[in-house]
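A lone chain, given as structure tokens: the form predicted on its own.
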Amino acid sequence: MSFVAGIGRFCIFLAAFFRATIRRPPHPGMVLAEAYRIGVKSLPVLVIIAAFVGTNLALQGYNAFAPLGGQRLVGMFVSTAGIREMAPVIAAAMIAAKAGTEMASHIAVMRIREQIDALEVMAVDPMWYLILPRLLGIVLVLPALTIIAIFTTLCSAYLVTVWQLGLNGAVFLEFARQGIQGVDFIYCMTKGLVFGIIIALVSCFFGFEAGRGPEGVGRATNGAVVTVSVAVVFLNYFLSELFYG
């Protein structure tokens, strides 16, 4: 029953958000500030994670194909798994862990300090002021971060395949090219767009629903991370089924 009640509160939250923001665009400076905070400041962590994911994909792919004499298929394996599945999920998980928790905790602190009530007293809609810039900012940067994750994954996999495993670089690139198509990049950016919307809305929802005291902030932050992680994995399957099924 609590799960059903939570779904109901989230639907009411979405309805109130769309009513408050559908006819009133945010200030461009607020959106760009959020995009910079979410995207540029998260870029170093994303590059490191994507690089090590690419090296692991190359190593595991080589170990899987070597007994069958199919080492040259490593490039196809990395491009297919990395671009279609791993890169969007990596980017979304990293942004959820960094920016999503920050959204939830910041809004939760404002809730317990009654700053959100103060915004309403000043005739400033808190959903327009707090949620819409974050939503548009993450929508702007997450597809781009997904493309960067793809590039980093392929480059790190190439380096491991050629320098450590001793395979021919031209063969790796040829099979990597065969494993992907131009439309795959569009699909990945679409996944990033959907994941970004989910991260922003769910994280802000838990911030608005935070209870009183430090415990309320902690529960809101933890609930946002867990819910967003489950939602991203859940939606990734259905988006993959829609695009590739």
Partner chain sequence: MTATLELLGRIGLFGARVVWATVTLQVPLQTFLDQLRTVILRCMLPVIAVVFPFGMVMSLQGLEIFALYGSQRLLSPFVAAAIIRELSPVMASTLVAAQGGASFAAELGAMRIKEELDATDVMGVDSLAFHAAPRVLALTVACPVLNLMGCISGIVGGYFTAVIMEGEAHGVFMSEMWGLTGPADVWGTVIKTTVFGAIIGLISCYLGFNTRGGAAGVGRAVNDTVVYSILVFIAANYLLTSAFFGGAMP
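Since the model is a prediction, treat every value here as computed from it, not as a measurement. Numbering follows the first chain given and starts at 1.
In what follows, reference is made to the form predicted together with the partner chain, a form of this protein that is not presented.
Novice: Just to confirm, with a 4.5 Å cut-off on non-hydrogen atoms, which of 125, 174, 117, 85 contacts the partner chain in the predicted bound form?
Specialist: Answer to the contact question: 85.
Novice: Quick check on residue 198: any heavy atom within 4.5 Å of the partner chain in the predicted bound form?
Specialist: Outside the cut-off, so no.
Novice: If we define contact as a non-hydrogen atom of the residue within 4.5 angstroms of the partner, is residue 168 a contact of the partner chain in the predicted bound form?
Specialist: Residue 168: no, not in contact with the partner chain in the predicted bound form.
Novice: Can you work out whether residue 77 and the partner chain are in contact in the predicted bound form, taking contact to mean some heavy atom pair no more than 4.5 Å apart?
Specialist: It does: once the partner chain is placed as it appears in the predicted bound form, residue 77 has a heavy atom within 4.5 Å of it.
Novice: Is there a non-hydrogen atom of residue 190 within 4.5 angstroms of a non-hydrogen atom of the partner chain in the predicted bound form?
Specialist: No, no contact at 4.5 Å.
Novice: Tell me which stretch of 147 to 155, 117 to 125, 132 to 140, 91 to 99 has a heavy atom within 4.5 angstroms of the partner chain in the predicted bound form.
Specialist: It is the stretch 91 to 99.
Novice: Could you pull out the residues of 100 to 115 that have any heavy atom within 4.5 Å of the partner chain in the predicted bound form?
Specialist: Contacting residues: 101, 102, 105, 109, 112, 113.
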